[in-house]
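Before any questions on binding or motion, here is one chain by itself as structure tokens, the form predicted alone.
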Amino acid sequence: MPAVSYISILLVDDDKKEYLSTNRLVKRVTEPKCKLEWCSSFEKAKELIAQHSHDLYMIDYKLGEHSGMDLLRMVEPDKRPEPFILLTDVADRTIERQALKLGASDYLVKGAFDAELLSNSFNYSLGRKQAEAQRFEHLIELNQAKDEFISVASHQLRTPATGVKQYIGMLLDGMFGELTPTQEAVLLKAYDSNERQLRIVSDLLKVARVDAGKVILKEAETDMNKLLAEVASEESEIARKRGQKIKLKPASKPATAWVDKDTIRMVFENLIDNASKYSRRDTTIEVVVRVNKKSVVVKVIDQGVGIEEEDLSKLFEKFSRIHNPLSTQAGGSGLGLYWAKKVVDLHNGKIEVESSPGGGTTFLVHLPRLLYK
């Protein structure tokens, strides 16, 4: 005779009478077959839930000094495979909305449900979680397909664009005869447009590689004072053409971080170039290096147009472009900051931003000084 499969349920309620009453109803539920266990302690419930001890959780709204809402906030049901059902003494739409917003799958009023309604709630909650899991897997597959397409398309775009650059360069160098001023002006515009296309393709390739997990870091002790002096020197020429200055303030003591020098260099090239693009003429971009016990902190500070508070959370999203007075002029793919954050995350570091409209922007990059294993 085949074994009967049961759904294990944990009831979190500090009232034993409620447990006994609920258990009588659960025993009458035939689809799905259920086993109910009881926990009266808030702390013990947190421990059991953290262990994924049951297939479904029923949480009472009142739990002594705590509430069911407190428990839902801590365990984050929307990030877990098991459904949570909140139980209350009275119907309250506000509590119901809050519970569902926190990730509860259903909401029941004690004393107002029988075994049939309980069965429906169990099946609905379990089915909802299964549907969420399937949708999540589908989104992962779609994202992987998209990343593969971007990678392949980027490679295919790069080759002809590089060829166009070479041919335009040969024309500008006079290899096929002298150009008239008009011809030269037109070719320079074509060359600049082609350069922008190559930068976008390069951004797509970098993002495709980091999303696919193909960025392999070669970390080593790196003098960030020296590295940033090199980056600031290289970026100063571009800033000078925009009527700006770059000022480096190195740390007063050795600023050695454990990083992949080449990828971190590109992160700061991106941050400094962004600071320049979104700043007006006659302004200064500061690069400040400081050292604390566990990390090297680098600040890139501009006197630019700044960012609205509601837009700060969008900065590191893929293809995100924030509208501001200089955004049309600056251009870009909306991938640079997304890639930069991914690279800093790979280093077990952190990137933050502080800004206000018209008050400039500061990016803070925290990089580990030591190798953590």
Partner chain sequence: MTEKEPKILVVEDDASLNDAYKTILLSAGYDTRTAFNGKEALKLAKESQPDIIFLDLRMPVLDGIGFLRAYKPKTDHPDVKIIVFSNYDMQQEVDEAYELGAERYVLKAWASPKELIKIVKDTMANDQE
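Heads up, when I say rigid core I mean the largest set of C-alphas that superpose within 1.5 Å between the two forms. Residue numbers count along the first chain shown, from 1. All of these numbers come straight from a predicted model, not from anything done at the bench.
Keep in mind that the form predicted in complex with the partner chain is missing from the display, and what follows is about it.
Here the chain stands by itself, but in the predicted bound form one stretch of 190-198, 249-257, 136-144, 270-278, 190-198, has heavy atoms within 4.5 Å of the partner chain. Among 94, 159, 292, 182, the residue placing a heavy atom within 4.5 Å of the partner chain in the predicted bound form is 159. Comment: the partner chain is not present in this chain, but in the predicted bound form one of 127, 169, 111, 81 has a heavy atom within 4.5 Å of it, namely 169.
When contacts are judged by a 4.5 Å heavy atom cut-off, residue 173 counts as touching the partner chain in the predicted bound form. Taking non-hydrogen atoms only, residue 209 approaches the partner chain to within 4.5 angstroms in the predicted bound form. The shortest heavy atom separation between residue 218 and the partner chain in the predicted bound form is within 4.5 Å. For the chain shown alone, residue 165 is a contact residue for the partner chain in the predicted bound form, at least one non-hydrogen atom being within 4.5 angstroms.
A displacement of 2 angstroms or greater separates the C-alpha positions of residue 184 between the shown form and the other one, with the rigid core held in common.
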